[in-house]
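What follows is one chain in structure tokens, specifically the form predicted alone.
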Amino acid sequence: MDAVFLSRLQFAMTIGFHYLFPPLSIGLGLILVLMEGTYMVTKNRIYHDMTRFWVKIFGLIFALGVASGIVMEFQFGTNWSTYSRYVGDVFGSALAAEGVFAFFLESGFLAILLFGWNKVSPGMHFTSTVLVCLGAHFSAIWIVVANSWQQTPAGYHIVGVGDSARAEIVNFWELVFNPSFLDRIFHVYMGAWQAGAFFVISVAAWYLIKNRHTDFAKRSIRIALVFAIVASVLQAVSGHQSADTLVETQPAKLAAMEGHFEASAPADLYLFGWVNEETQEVTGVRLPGMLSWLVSGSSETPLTGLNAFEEGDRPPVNIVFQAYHLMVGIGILLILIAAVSGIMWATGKLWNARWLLWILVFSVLLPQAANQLGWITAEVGRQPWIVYNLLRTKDAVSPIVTVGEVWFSILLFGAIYSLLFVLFIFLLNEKIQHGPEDAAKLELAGKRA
């Protein structure tokens, strides 16, 4: 293993761990707005209790997200200095915008959200909830802008030559609205909304199984389930649109996602399979011409295959193929779970269907798995480029980083992140086991204090 591979492995490990938390904070943040907004309209105390409980969970998730996210930015300087020099003006502007317009907004009002219940008016507290939610969503925008520019660069020019070459912004809005940005931010949002919704559903379903906080749990599920159904359906729509965009912007990635090798021929759609990259054969269940039909409306439309590219310009096929199909399979499963749960809720059978409640308890894992697989598909599918058609990954690593140094940091990060994850699960379990508190009692205690 060389330093390039290990640096990629290290970054994949750190971003994979970090990306457990932002989707939850984005999705849960919007659900908090719905819960507290319902309380503001109905004045029903149960929605006040619900908001206070989920705010505590949100604070824990936010803290872990910040702690794990800082590490990634340091890696740009330690492991990817050539990349940082080449795209610093572009990538740095998006990260700076994320800090100024998103993180400061989110973190600035977080204190009021967490501790302002008896110190500010209900209207001010609700405003803080809305602004924290917006901050989480704005944060995703600028991170996706930066990553989408790597996928489909726009609004730049290259100055200098050789080792001094670097990208400079010539049109900021072209950079922001690069060809893949809108599809990708919508896809990220839907994944985050699913993560937040199924997280709330999972905890509430567990309360129902244990016959605890039943009114709280039922109302939590009602809000989150509607949210989950909408997000799951829209996620399928956004996924289809993203694939359509790949036809023009990254045809090699699309070809790898379906194991399409012929340089120009109608493309099949595989339900599942295994790719033999040496023989260029896919063993699995396929729908002939279906990929061509999905992107063009005709099963006879030829699509660009992997053989249209030099061997050194092709992504690793089987890992992209498997990650993509697992992601799609999970997406379909989430739609089914949400639809069945919605039908059972509408008929009044959900609360007593223990088999379905147990499925809902474990459904919290599915959006997280799909989000991770989606990033694997996007990032591995871009290879061998770190900036598509501009800078190769092997040329972007820091030239003086050694294999031993990267191994040491991987082991160190692995140990620290393992401890952080254990601590997160412990604290999360403590809060869930404790359950919601009655807001009226809390306010009385606050007045006495």
Partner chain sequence: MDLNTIWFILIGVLLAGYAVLDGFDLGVGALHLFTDNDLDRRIMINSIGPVWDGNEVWLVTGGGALFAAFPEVYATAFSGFYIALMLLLVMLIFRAVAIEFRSKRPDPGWRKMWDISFAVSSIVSSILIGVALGNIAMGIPLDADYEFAGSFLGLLRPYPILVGLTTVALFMMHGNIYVVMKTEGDLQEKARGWIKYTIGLFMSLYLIVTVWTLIGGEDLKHMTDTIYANPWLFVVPAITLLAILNVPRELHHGREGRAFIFSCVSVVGLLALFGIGMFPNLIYSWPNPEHSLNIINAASSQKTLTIMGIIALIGMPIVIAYTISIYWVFRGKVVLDEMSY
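Worth saying up front: this structure is predicted, and the values here are computed from it rather than measured. Positions refer to the first chain, counted from 1.
This next part talks about the form predicted together with its partner chain, which is not shown.
Although its partner chain is omitted here, in the model of the complex none of 322, 359 and 372 has a heavy atom within 4.5 Å of it. The closest non-hydrogen atom of residue 409 lies within 4.5 Å of its partner chain in the model of the complex.
Using a 4.5 angstroms limit between non-hydrogen atoms, residue 338 is distant from its partner chain in the model of the complex.
When its partner chain is considered in the model of the complex, residue 59 lines it closely, a heavy atom lying within 4.5 Å.
Its partner chain in the model of the complex comes within 4.5 Å of a heavy atom belonging to residue 63. The chain is drawn here without its partner chain; in the model of the complex, the stretch among 225-233, 202-210, 87-95, 311-319 whose residues come within 4.5 Å of it by any heavy atom is 87-95. Among 280, 78, 245, 299, the residue placing a heavy atom within 4.5 Å of its partner chain in the model of the complex is 78.
Among the residues 120, 365, 343, 158, the one placing a heavy atom within 4.5 Å of its partner chain in the model of the complex is 120. Looking at 404-422, the residues that come within 4.5 Å of its partner chain in the model of the complex, counting any heavy atom, are 405, 406, 408, 409, 412, 413, 416, 417, 419, 420.
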